[in-house]
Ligand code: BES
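This document opens with one chain alone, in structure tokens, the form predicted on its own.
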């Protein structure tokens, strides 16, 4: 779908569909709506007066356009009560309406943006509209072989019409950013939605190399032999049970001369059976998405490259399968991480922290000054926060403040979780430096404390996205399936760091 911005009158645009907005309780409509209503002979104003159009949030009225307008039909969209406009509300409304427009086969939609920019920052509104529309129209149907299972109805193009030229320019800037953010989220969804036999570590590496070729990123794939030389015993212990070769993916965006480097690190378990500590069969198929963290950081750095962000970023995705076999790591084995830490593996299903330990150590060895890791790490996080907020653990207050601002811009809410030193006692081992699980109590926290050991004093944040990796139904910009959370938060965070350095 193409999104463009026009600065004239909506009635001058040739389209399949015109869309205008009305507020609940308003007796007067915008100048753009009035121009369209003139072509309809006053039908909209009369329907408002008769109470047939109320303007309640999410209300959609469809009218034939007649012969006097350059469109086939008109959509009248309710905005709710005037004065309560927010970007979050707009994101939700745009997502829901975009799917309804698509289901009505709206074709080319010309949307009046006058009411929107009167209430919200034009650039922010353009960005939010573009990302929500792009995300909400996402479908993962490539493996349906029957045409009937792959609907062809669509929104082919959207033209946002803002009569004020200055505001139109701002909307246009926002749309360009929002489109990239939405497409990056959809890329992460594509990676995570693919079945595990079609998204192996090798295929993940190939996708990363393709992205690098398209965007100018540097790409390095660390194979098993090099990982062994680097003493990544913690990461490789997870790969021991699989016949698929592990791929440690490193992407680099050099957006600033000199300066500090931000590391984005994502858990890349392309399928997680639990290993020898095998999971129950129920819902194990969802473990194809256990590489959602890796998908998020790969997509985020791709977006930063497309945005030409003036910040240095390295994205690290340690990818492998976690399977049981005669060569798999066994409960009770002791392995050594890249930084020399010895780890007693009590539960092979606590594997995400094992691959992240070496990824964090590698990032520090590469000189990263800030570390942000993203992982579908613990079921305990889903129990604690459900599917609404991402739990975030940080060792630095300024970093948390920056991440909260970025998450608010993205509409991906977060919640700070504790990192008290007392929780370390649960993961101290009798036979090694650490054990990879502290048991059920405070499971998400002890997993984070394990990673904290490897981050040390370097500013570090850990996103446990286990609760938000999958959506059960379409709602706002979200669609059923893997979510792509928190790609946009990561991008906004990196862009914020770029602005701070200017």
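Residue numbers count along the first chain shown, from 1. Please read all numbers here as calculations on a predicted model, not as lab measurements.
Below, we refer to the form predicted in complex with this ligand, which is not included among the displayed structures.
None of 279, 166, 139, 100 but one reaches within 4.5 angstroms of this ligand in the predicted complex through a heavy atom, and that residue is 279. For the options 350, 337, 427, 110, the one in contact with this ligand in the predicted complex, meaning a heavy atom within 4.5 Å, is 350. The stretch from 462-470, 61-69, 26-34, 41-49 that comes within 4.5 Å of this ligand in the predicted complex, counting heavy atoms only, is 462-470. Contact check for residue 162: no non-hydrogen atom falls within 4.5 Å of this ligand in the predicted complex. Residue contact with this ligand in the predicted complex: residue 264 places no heavy atom within 4.5 Å of it. Within this chain, residue 376 lines the site of this ligand in the predicted complex, having a heavy atom no more than 4.5 Å away. When contacts are judged by a 4.5 Å heavy atom cut-off, residue 290 counts as touching this ligand in the predicted complex. The three marked residues, 272, 380 and 437, each reach this ligand in the predicted complex, with a heavy atom inside 4.5 Å.
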